[in-house]
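One chain comes next, on its own, written as structure tokens: the form predicted alone.
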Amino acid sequence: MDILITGLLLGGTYALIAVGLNLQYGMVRIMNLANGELIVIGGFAAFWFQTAASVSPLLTVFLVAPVAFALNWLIYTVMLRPLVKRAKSRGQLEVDAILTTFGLSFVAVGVMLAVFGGDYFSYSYLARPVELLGATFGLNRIMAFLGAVVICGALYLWLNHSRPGLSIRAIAVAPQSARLVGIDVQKLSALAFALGGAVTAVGGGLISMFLTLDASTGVMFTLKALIIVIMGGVGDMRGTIVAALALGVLESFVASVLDPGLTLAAAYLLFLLVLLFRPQGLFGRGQA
């Protein structure tokens, strides 16, 4: 039972780092390879407010979210919208976006190294043991998991039961047809990209309560988020959440029963199996 709970808590962490990318890639078709760097920035903001002003990371996220939203809105408007306008196909847009955000990730790492330095940073917050079903877990991990539940649940409801959310889903399926029914594709695409960035930064702030970060760790978060998004199905919020939880449970099982050094190999093996047998994602429908 402790393996299952540990895996679910880890899966909640993975959901925090993946749902933002799912909004950006799944809804707007922008493969944001600078996603992990935004996680590190959110984590550093929580670290700085906690160590310099004793502000709780649970409050810092409310400061980080609007700043990250504005920053990602600006990035989309200035850097990515021209790519969208000139792209003649979705394939070309994805390639251009990959190259652009790949360069942006290097810029972000360079800026963070100049500002943060190359040292690791961490802090202790809610690092108190809590007993669940006979096993002991850190309260900070439990709070991060609850944060993931709230964020993922709110996004799922918004995408499926609000007019802007349904319009964004329509853009993800058929952007040209969405224009014909009066949907402002440019505005809502910018909204989805900015919202994805805000969620990612908030996730970074929450996981910084128990993870040690540095300026160069963003690439690992990007890779893990990309694996989860593709496993769950691009644009499928439900699939992303389930894939994150499944990956967390798998890694917890492998680390406890086999060898902690095999967790990354197990994650990529699961990823390859999904690509081979369910390329459309866990809940996607195969092509007729």
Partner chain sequence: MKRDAWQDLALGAVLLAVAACLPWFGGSYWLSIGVTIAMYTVLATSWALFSGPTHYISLATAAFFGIGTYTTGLGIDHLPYWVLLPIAGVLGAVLAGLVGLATLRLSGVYFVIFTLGLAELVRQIITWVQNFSGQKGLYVLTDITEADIYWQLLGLAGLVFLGGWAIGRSRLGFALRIIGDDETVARHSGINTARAKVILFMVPGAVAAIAGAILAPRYVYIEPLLAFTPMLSFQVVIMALLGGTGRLWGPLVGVIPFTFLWEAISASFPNQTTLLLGLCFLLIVYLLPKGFVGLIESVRRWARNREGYA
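Residue numbers count along the first chain shown, from 1. All figures in this text were calculated on a predicted structure; none of them were measured in a lab.
This next part talks about the form predicted in complex with its partner chain, which is not shown.
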4.5 Å heavy atom contact, G103 to its partner chain in the predicted complex: yes
Contact with its partner chain in the predicted complex for D96, defined as at least one heavy atom pair within 4.5 Å: yes or no? yes
Its partner chain contact in the predicted complex: I151, any heavy atom under 4.5 Å: no
Answer with yes or no whether G110 is in contact with its partner chain in the predicted complex, where contact means some heavy atom within 4.5 Å. yes
Heavy atom of each of A170, L245 and V249 within 4.5 Å of its partner chain in the predicted complex: no
Interface residue in the predicted complex among L83, L146, L166, V185, criterion: non-hydrogen atom within 4.5 angstroms of its partner chain: L83
Going by heavy atom distances of 4.5 angstroms or less, which of A174, V181, L157, A114 would be at the interface with its partner chain in the predicted complex? A114
Interface segment, criterion being heavy atoms within 4.5 Å of its partner chain in the predicted complex, picked from 235-243, 221-229, 53-61, 66-74: 221-229
Are there residues in 246-263 with a heavy atom within 4.5 Å of its partner chain in the predicted complex, and which are they, in order? L258, D259, G261, L262, T263
